[in-house]
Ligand code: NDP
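Here you get one chain, nothing else, as C-alpha cells; it is the form predicted alone.
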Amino acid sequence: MKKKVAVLGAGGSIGRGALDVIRERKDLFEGALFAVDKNLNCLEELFKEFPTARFAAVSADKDAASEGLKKRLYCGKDAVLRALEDVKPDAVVNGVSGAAGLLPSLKAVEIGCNLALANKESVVMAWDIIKEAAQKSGSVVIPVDSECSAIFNLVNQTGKENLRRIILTASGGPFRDASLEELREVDVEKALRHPTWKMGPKITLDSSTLANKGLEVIQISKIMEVSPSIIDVSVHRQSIVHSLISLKDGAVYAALSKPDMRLPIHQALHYPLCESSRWGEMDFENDSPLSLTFEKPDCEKFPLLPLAFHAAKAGGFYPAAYNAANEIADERFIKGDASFLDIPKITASVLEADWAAKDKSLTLEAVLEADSAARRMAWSVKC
C-alpha cells in the first residue's frame, strides 16, 4: 500500500523538493494533501497532477479557485489542521516558515503521522509538547534541515551513548567575509542572496544573520536531548559536509553530499529504511580534487548565534522568545523599519526580559502567550 504524504508549504523550496521525491517513487508515495498560505496558482497546478488529493490555502479566497479545486479545498485560519484531521496522512512534510508551522506539526503527531520537519521553530518553541504527543500516538519526528538531518542519522547509526560532541556546519551566509562596516550597508536585496542554497526569504535572511544556525543549535539540543555545551558550530563554505559528530573514542564521523534538500527529505520519507536515491550523490572520481575547509564563526559580527546558545542553556520560554523576537526583527528589516545590524539588537533586547518558566508549565497556551509577548516587545524596541 502506498504511503499517503502531506506537503505543507508546497510552493516553497522544501515543498518543491518533497514533490520531486514523491514523483520519483510514485510506486511508494501518494500525494494526499498539499497546503500553502495563499498561492492558489500553485494548488491549481498540483490539482492537475494530483486530482484526488486534498488542498489547503490558509489566506486565500476560496471563490477564486476553479470549480474542481474548490471541491477539495480547505480555507481559513485552521484550514491545514482540518485537512490533516480529515486526510490522516501517513507522513507529513512540514515546510511552513516560522512559528506558523507549530500547530500543524503538533496536529500531525497527535494523529499519528511521521513528521518530516523542516519547520525548526516547532521544536524551538514547543519540543516537550510535540515529543509527548508523538510518544502517545507512536509517530516519529525526523528533522529535514540538511545539518540536523545529518546529525540525526549519524547519531542513530553510531549510538547516542557513544556521543561526545556535535559539530554543526554552516555555510556562513553571504556576509561571512564582510566587515562590520560593510554589514551596516546591507539591504534586503543583498541579504536574500545565499551563496549555496535556494530557499525562501525568511530562512535566507536568517542564514545571512546566522539566526538559522542558532535555531538549529536549539533544535538539535532538544531533539537529541543533549546539553548545548557539547555543540560547536563550524563555518564550512563548500556545504559538502552537512555536520559531524565526535565519539568518546575520538573518532569523527561526517555526513557528506552535494547540497540538495531532496536527500534529507528522501531519508525522512523512507525512515527507518535506507533506500536508493540519486539526490546529492558525490562523484569523487570526477569532482576531485575536493577541498574542505572549516572555520570558527565570527560571533562579534553575528551575535544571534551566541544569543541562541544563551537561550538554549536558559531553557524555559527563552527559546520561544528568541524565535519570536528574531521573526519580528526580520519583518522590521524587510519593511525598512530596522537595519541589518538592528536584527540582533532587537532580539538581544527582548531576551533581556525574564523568560524563565518558574512556576509555569510549558503548556501550548503558555508557549503561545510567551510568543505573543516577545513579539510585542520586539515591535516596541527603538532602532
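Numbers for residues come from their place in the sequence shown, where the first is 1. Predicted model only: the values in this text are computed from it and were never measured.
One more form of this protein should be noted, the form predicted in complex with the ligand, which is absent from this view; the next part is about it.
Peer 1: So, S149, V241 and P259: all three within 4.5 Å of the ligand in the predicted bound form by heavy atoms, or not?
Peer 2: Negative, none of the three is within 4.5 Å.
Peer 1: Given that the ligand is left out here, which of S97, S208, S221, Q267 has a heavy atom within 4.5 Å of it in the predicted bound form?
Peer 2: Comparing distances to the ligand in the predicted bound form, the residue within 4.5 Å is S97.
Peer 1: E44, E331, D37, E30: which sits within 4.5 Å of the ligand in the predicted bound form by any heavy atom?
Peer 2: Comparing distances to the ligand in the predicted bound form, the residue within 4.5 Å is D37.
Peer 1: Could you tell me which stretch in 276 to 284, 119 to 127, 155 to 163, 303 to 311 has residues with non-hydrogen atoms within 4.5 Å of the ligand in the predicted bound form?
Peer 2: Among the listed stretches, the partner-contacting one is 119 to 127.
Peer 1: Taking heavy atoms only, is A108 within 4.5 angstroms of the ligand in the predicted bound form?
Peer 2: A108: no, not in contact with the ligand in the predicted bound form.
Peer 1: Is V217 close enough to touch the ligand in the predicted bound form, meaning at least one heavy atom pair within 4.5 Å?
Peer 2: No, no contact at 4.5 Å.
Peer 1: Is there a non-hydrogen atom of P201 within 4.5 angstroms of a non-hydrogen atom of the ligand in the predicted bound form?
Peer 2: Flag for P201 set to yes.
Peer 1: A65 versus the ligand, in the predicted bound form: is there a non-hydrogen atom within 4.5 Å?
Peer 2: Result no; A65 lies far from the ligand in the predicted bound form.
Peer 1: Between 126 to 160 and the ligand in the predicted bound form, list the residues on our side with a heavy atom within 4.5 Å.
Peer 2: Residue within 4.5 Å: D145 only.
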